[in-house]
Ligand code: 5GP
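Encoded as structure tokens, the following chain is the form predicted on its own, with no partner shown.
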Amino acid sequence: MDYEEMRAWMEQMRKANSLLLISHVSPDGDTIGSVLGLRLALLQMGKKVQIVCDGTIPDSMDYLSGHDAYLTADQVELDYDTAVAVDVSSPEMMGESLPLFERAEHRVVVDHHATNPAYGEVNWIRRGESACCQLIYDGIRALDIELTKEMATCILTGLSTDTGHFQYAATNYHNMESAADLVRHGADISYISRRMYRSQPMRRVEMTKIVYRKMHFECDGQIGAVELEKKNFDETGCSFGETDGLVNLALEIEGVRFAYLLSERENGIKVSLRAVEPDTVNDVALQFGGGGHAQAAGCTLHTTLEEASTLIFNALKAKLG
């Protein structure tokens, strides 16, 4: 287990006076829930806390306490002594927030991605854990902080999203026990489920239509692919964060082993990769400077959409054997 790493993390949380918590680019429920839950815990400890993200927080998570406290990199006050990268698998995944992390006196990483290179001064990395929110929950409980309804809601949201609402293979009994305790402390799992999975803005519906139209299959249907152009985002008004999970639409088709979704952005092509167990995609992401989990990973390519598709397709095709 990671007891020594966890103790080092706890010690730094206790001695820090002012902290900057950093989410990864294109933030999802796990990085947001982890940061917001940890923020509330640190505020309870009497710490000064700022939170930052290079990306838009999805409207679907506006029920989380502190969601409106996120800053952009240029809004952060430079008086923090400790920077904490939360659910950030590699330094590059901080985007414009990376210089803020690098200039901190103390640099901390708390994460669950198997590909994380441990780039902090203090690294609490539980490789293979289903969600970073599980570490945040464990850390808060170990610090003997009172678990409030607001904290519990943030953490359960992240735990739910990164376990596929407790359906993915990485889901374990500790996740279920933690979820029960979070519900015991006021988290409304029915409300969270409705907001996260049974309600979506029309712009995401329009983008979903585009995804289905663009979806194509290669190698006898074993690879499913979608290439989204920047104009698709402009036309629908859908943010990059709101497309999180749409890659799974291709993976759900019978016979598909690998799926990828490319999103054309101003600063490169964002690649979302998925695989059906026992196939893996984190090794493919690593080839291109990214990372992630065995069956869910990603990277960014600084090339054209067409070239990116060729690179990713060839890398996945090579894994078919």
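The numbering used is simple: start at 1 and walk along the sequence shown. For clarity, every value in this text was computed on a predicted model and none was experimentally measured.
Omitted here: the form predicted in complex with the named molecule. The next part is about that form.
Item to complete: Would you check, heavy atoms only and a 4.5 Å threshold, whether residue 29 touches the named molecule in the model of the complex?
Response: Close contact is absent here: in the model of the complex, residue 29 is far from the named molecule, nothing within 4.5 Å, heavy atoms only.
Worksheet item: Does the named molecule get within 4.5 angstroms of any non-hydrogen atom of residue 21 in the model of the complex?
Response: Output for residue 21 is no: heavy atoms all beyond 4.5 Å of the named molecule.
Discussion item. Even though the partner isn't displayed, in the model of the complex is residue 242 close enough to the named molecule, meaning a heavy atom within 4.5 Å?
Written reply: Residue 242: no contact with the named molecule in the model of the complex.
Worksheet item: Hey, in the model of the complex, is residue 270 touching the named molecule, heavy atoms inside 4.5 Å?
Response: Yes, residue 270 lies within 4.5 Å of the named molecule in the model of the complex.
Practice prompt. Counting non-hydrogen atoms within 4.5 angstroms of the named molecule in the model of the complex, say which of 89, 97, 161, 153 makes the cut.
Written response: Only one option qualifies, and that one is 89.
Practice prompt. Find the only residue in 109, 136, 93, 228 having a heavy atom within 4.5 Å of the named molecule in the model of the complex.
Written response: It is 93 that has a heavy atom within 4.5 Å of the partner.
Discussion item. To test your reading of this chain, name the stretch in 271-279, 38-46, 249-257, 54-62 whose heavy atoms come within 4.5 Å of the named molecule in the model of the complex.
Written reply: The contacting stretch here is 271-279.
Worksheet item: Which residues within 276-312 place at least one heavy atom within 4.5 Å of the named molecule in the model of the complex?
Response: Residues within 4.5 Å: 290, 291, 292, 293, 296, 297, 298, 299, 300.
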